[in-house]
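Presented as structure tokens, the chain that follows is alone, the form predicted alone.
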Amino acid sequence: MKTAFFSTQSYDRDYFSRFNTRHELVFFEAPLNEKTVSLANGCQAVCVFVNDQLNEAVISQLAALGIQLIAMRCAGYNNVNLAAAQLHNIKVVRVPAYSPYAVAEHAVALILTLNRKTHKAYNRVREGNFSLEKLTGFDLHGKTVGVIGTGKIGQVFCDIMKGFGCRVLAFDLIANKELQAKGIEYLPLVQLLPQCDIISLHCPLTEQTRHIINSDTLGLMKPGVMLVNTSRGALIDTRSVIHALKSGQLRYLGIDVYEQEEKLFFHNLSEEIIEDDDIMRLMSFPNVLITSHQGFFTDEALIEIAKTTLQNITDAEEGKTLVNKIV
């Protein structure tokens, strides 16, 4: 099946080319949107990532080009208009689980870096500055950690934090009995937030979770809390978080995703003027750590993404049951 890949990076070409044995893959650096959809002409499938735009207009144009399959090379699909895909009889598949360890471990890396300020210490020593001033951290052992969302990634994160000797509280629509057996306590969000020293987001982006972190929920948190987001940028209301950082309500922020990341992340903008005032304000805080959506970025995860996506495409071509089908 001839497949057009959008938002392609060098590692996408490397991993997909390594494991591809039968499909014709066409790689484009451009993201998929209404201006670039014509690049898929002559293909039967498109392979897209988290910041590609698959709204009603794009899907209508894909259908007109004869596209039969939208293959997401990620777990999230909030950027796809599923109703439009169903209307045009275009199947949508995804990679539901590539490596929960990759994202969970990255969340822990953000916590440790913010806490022990290893990024600042590294830069100091490189400049010959061996002072410990302003590098004070805190013991993770004994702290209370709140986990919002206990799917596969959230479960791994809970296990890691329990290993640090933390008290772990969780919020989800359905409590995980295995986690409860390990001592994870499920609470309503309004009861969880005031108790936590660290809060980590591991839930999907839905209409119910959009801006789950806002001025109201930030106000419920313990002053001086650490907030970490490795899930979806729009779980956080950026302006409210900036205000909480300025007031001191939020003492640490670590994010691997950003609400307006589409035009920023995965690109080298070091020689350009960044016009996004919100992210520039966030970058100005000494207690904010931002990485550009690299939580998934391990060898194991990239291998699984390539293999699963290619198998999804093969199954669609052969008319087999699509085990990772969304619609």
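If you're wondering where the values come from, they're calculated on a predicted model, not measured in any experiment. All residue numbers are counted from 1 along the displayed sequence.
Below: the form predicted in complex with a small molecule, not depicted.
Colleague: Using heavy atoms only and a 4.5 Å cut-off, determine which of 227, 161, 80, 103 is in contact with the small molecule in the predicted complex.
Modeller: Here the answer is residue option 103.
Colleague: Determine which one of 164 to 172, 130 to 138, 216 to 224, 81 to 89 lies within 4.5 Å of the small molecule in the predicted complex, judging by heavy atom distances; exactly one does.
Modeller: Looking at the partner contacts, the answer comes out as 164 to 172.
Colleague: Can you tell me whether residue 150 touches the small molecule? I mean in the predicted complex, with a 4.5 angstroms heavy atom cut-off.
Modeller: Heavy-atom contact with the small molecule at 4.5 Å: present for residue 150.
Colleague: I'd like to know if residue 200 sits close to the small molecule in the predicted complex, meaning any non-hydrogen atom pair within 4.5 angstroms.
Modeller: Heavy-atom contact with the small molecule at 4.5 Å: absent for residue 200.
Colleague: At the 4.5 Å heavy atom threshold, is residue 146 in contact with the small molecule in the predicted complex?
Modeller: No, residue 146 stays farther than 4.5 Å from the small molecule in the predicted complex.
Colleague: Under a 4.5 Å heavy atom criterion, is residue 296 part of the interface with the small molecule in the predicted complex?
Modeller: It does: once the small molecule is placed as it appears in the predicted complex, residue 296 has a heavy atom within 4.5 Å of it.
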